[in-house]
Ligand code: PMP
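First, one chain by itself: the form predicted on its own, in C-alpha cells.
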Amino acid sequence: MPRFAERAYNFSPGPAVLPLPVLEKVQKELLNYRECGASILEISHRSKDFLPILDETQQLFRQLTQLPDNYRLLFFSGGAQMQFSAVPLNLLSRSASNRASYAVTGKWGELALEEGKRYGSAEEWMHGREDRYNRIPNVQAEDLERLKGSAYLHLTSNNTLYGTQWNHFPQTGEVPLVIDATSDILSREVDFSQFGLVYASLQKNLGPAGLTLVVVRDDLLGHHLPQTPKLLQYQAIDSQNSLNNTINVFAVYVMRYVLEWYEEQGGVAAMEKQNRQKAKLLYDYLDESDFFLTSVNPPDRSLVNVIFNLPTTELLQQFLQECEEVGLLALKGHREVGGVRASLYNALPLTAVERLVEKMRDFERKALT
C-alpha cells in the first residue's frame, strides 16, 4: 500500500473520514484537555470536565435535527448491531403476541430480522431479495394493513452494500417506525417526529467507532422484556444519562466537535446540499458512461454510498490499484457485492469526488483505446 506525506481522499465506508478541523482540535488538545492536566483519553466519565461535553453534544444534536422534546438521547457502547438485539428486547412486549415487522432491503436488515427472531415473532414484512437488493420495494396500502398488531416496523434507511436508500418512509400510524440510520444520519434533513426510534453507530457521520446513539420517543421506554440485560434497557440507560457504566468519553468528545463543525457549515441542510452535489457529479458520469456499470434503480440511489463495477475483474483490480496510487482510498466494494463503493459521507469534500470522476474518465479513455 502506498504511503502519503499529506492526507489523501478517504472514501472509506467506516470508520469514515472526519472533518480536518475536528482532527486538528483533537490533536491540539490531546495531551492536556483545556488545562485540566490530563488527556481526554484519561479523564473520568463522571468528571466536571466531561459532563459538560456530554450535555453539549446532546444539545447540539437536538438543535441540528430540531428534535422534539419528547425524544431521549442514549449512548450505548459498541456498534449498531448490538441494537439488533436491544430493539426487540425493549419493544416486542408492546405487541400482545410479541410480533414485530422487518423491511429487509439488504444485509443489515437480514441480520436485524435474524436477531429479532431470537426474542419473539419477528416477521419479514417485505424484501428486495429478488432484485438483488438494487431497489427499495414499493409500499402499498395492503402492506401497511399487514402492520397492524406489530410492536414496531424496523428498516435500514440506507443500504451501504447495495447503494440504495429509503427516500420516502412508510406512514405506519400507531406502529412505531424503527430506523437503523447508521450510514446516513445527518446526511439529509429528516423529520424525526415520524420515527419511534432511530439508532446509528458513530463511525460514518458522527465520530469514531465504538459508540452508538439511540434516539427514542419517551413513550417507548419501560417496555423491556424481563430477560433484557440492564445495560441494554433503554429506560435504565436513560435514567442514568447514559452513565450507567464507563461511557466512551473520547467518542462523545469527538462527536461534539463534529456536530459543531456541521453547525458552522450551515447545519444539516448545508450537508444535504453538498451531499447531493457530490452524488450528482458521480451519478451523472455513471449515467453517461457505457464502461462503468451500475444496476441500482435510479429513484432509490443512495446519496452517500455509490456502487458500481467494471466490465472485468482484471479491469476492476487495475482501477482500484491506480486509484490507491493517486490517493483515492478505500474504494473496494464489500466482499459480498464486489465492485467499487464510493462512500460520500459528510466530511468528504467535493474535490474528492471531482478527483475520482477525473480518474474514472482517464481510466475509461485508456481502457477503450
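Only a predicted model underlies this, so the values are computations on that prediction, with no experimental measurement involved. In this text, residue numbers run from 1 along the sequence as written.
Not pictured, yet referred to below: the form predicted together with the named molecule.
Comment: the named molecule is not present in this chain, but in the predicted complex one of Gly267, Pro208, Gly79, Pro137 has a heavy atom within 4.5 Å of it, namely Gly79.
Screening Asn90, Ser183, Thr105, Ser101 for any heavy atom within 4.5 Å of the named molecule in the predicted complex leaves a single hit, Ser183. If you check the named molecule in the predicted complex, you find no heavy atom from any of Tyr9, Ser187 and Lys278 within 4.5 Å.
In plain terms, the part of the chain that comes close to the named molecule in the predicted complex, with a heavy atom within 4.5 Å, is 197 to 205 out of 163 to 171, 126 to 134, 90 to 98, 197 to 205. Not displayed here, the named molecule is approached by Asn158 to within 4.5 Å at the level of heavy atoms in the predicted complex. Taking the partner from the other structure, the named molecule in the predicted complex has a heavy atom within 4.5 Å of a heavy atom of Phe84.
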